[in-house]
Structures are given as C-alpha cells and as structure tokens.
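The data below hold one chain only, encoded as structure tokens and taken in the form predicted alone.
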C-alpha cells in the first residue's frame, strides 16, 4: 500500500510538473498593430510585420506556443502590468523612464530618429520655427519634440503613426518626426510619394527591446538566448531582408 501511495504521489507530482511546463510554454505577446512595417493589421484582419515575424521566430526557437494580442500604444505597458499578455514586442525603445516600470531584453533591432516633409518645400531642421511638426504620442520622437522643440514649433501628437502621416499628406502638418525605419517604409509607399527625409538622422543609439514585467528574469533570459540564436543561424537576416535592403540589427 505504501508503495502504491508513493507511486501515485510520484505520478501526481509528475503530472503537476508537466502542466506547469505546458503553462510556461504558452506566451502571450502584446503588440500595437498600427506601426507598419513592424506591426499592422492586414486586409484579412491578421497581425503581420517585422515584429510579428521576429516574435514567431523567437517562439519557435524557445519551443513556445505564442499568441499575439493587440493593444493601443498608449495602454501597452499598463496592459502588460495588468497581465493581459506576458511580453511586449512592438518596436519599443529601451529608455530609462520605461525601465522604471518594466524590464527589457537585449535589443532585437536598432533605430534612429529623422524628420520627413514635402519635397521641394526647402525644409531644414533649423528652419522649422513656427511650423507644425507631428509625432506619435508616447514615443521618443514625441518626447524629443516636447522637450527640445516645443518653444519653437507647434507640436502635434497623434494616437497612431498613421494618423500623423495622414495629416502630413493633407497639409495639416509641415513635418513628422519619427523612427527612421518607419518613415522609410512610408516614404516608399504610395501615400509617401512627394515627401522625403530632411536633416540628418539622430538619436542613433536607440535600441529596441522586448519588455517583460519586472522580476520575470527567466522569461527575459529565454528571449535573450533566442535572439542570439536566430541571429547566429541566419533566421534574423532572412526576416530583415524581407523588409529592408540593409541590416537593422
């Protein structure tokens, strides 16, 4: 009888460990879904983009079952803290301010900021005084405009990057400041014809990472190991080439 009880206990413990392992292998990933080419909703209602391809590659490397959850940008960190998802893969810059609320992995790509405006308008960074300049709210571009440019330009902030582009295209903005890679994508779209970069790229040390809740070091380290693995085995390069003719790592 003692042996039977011991055997049943062992089975119960093993079953519990299996359930725990299965639960640990299920990861919910939050993204915005409105930031092409990194994350966006396609015509079929599916979330696609560089961030999503990277997320799927990382989950495959970790042998994890992942689910993508969309969340408006303004609420994306609160959503993580409220446990709506377990990680954020949404082109989020690693900043000291955000580190107060969440922990970050190592970078999975690098970025910089750059202005765009109408071709032939003679725009210069030095000549923006009195002009309307837009950015997506809650981004490092918005923070830069508010901290460095608010005394000289009319700063207009938007809930999505796409809405900033709409106002630029309609003439309600003179310029948009944003991530160079996202601006690059828009300039190469039909909507971006007639517009171009002006001024040099800056804030070149902008690193994009995966955010997790504070103290969840096991998940963060798993992501770090997976990032290194997909860079080393060429998976990252294949995804990169799908979106950009140059390395963004």
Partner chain sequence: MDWETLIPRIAKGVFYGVALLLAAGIVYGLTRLDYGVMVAYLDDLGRGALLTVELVAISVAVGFCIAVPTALLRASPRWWLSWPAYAYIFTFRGTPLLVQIFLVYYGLAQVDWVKDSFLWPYLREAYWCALIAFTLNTAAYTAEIFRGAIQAVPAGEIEAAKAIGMSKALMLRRVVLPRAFRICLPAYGNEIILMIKGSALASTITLLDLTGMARTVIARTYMPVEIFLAAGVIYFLLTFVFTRVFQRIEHRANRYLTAAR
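Values in this document were obtained by computation on a predicted structure and should not be read as measured data. Positions refer to the first chain, counted from 1.
Note that the form predicted in complex with the partner chain isn't included here; everything after this is about it.
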Just to confirm, residue 170 within 4.5 Å of the partner chain in the predicted complex by heavy atoms?
yes
Check whether residue 126 has any heavy atom within 4.5 Å of a heavy atom of the partner chain in the predicted complex, and answer yes or no.
no
Going by a heavy atom distance of 4.5 Å, is residue 107 a contact of the partner chain in the predicted complex?
no
Going by a heavy atom distance of 4.5 Å, is residue 120 a contact of the partner chain in the predicted complex?
no
Quick one: of 77, 175, 153, 94, which gets a non-hydrogen atom within 4.5 angstroms of the partner chain in the predicted complex?
77
Looking at 158-166, 109-117, 175-183, 83-91, which stretch has residues with any non-hydrogen atom within 4.5 Å of the partner chain in the predicted complex?
158-166
Pull the contact list for 124-146: residues with a heavy atom within 4.5 Å of the partner chain in the predicted complex, in sequence order.
137, 138, 143, 146
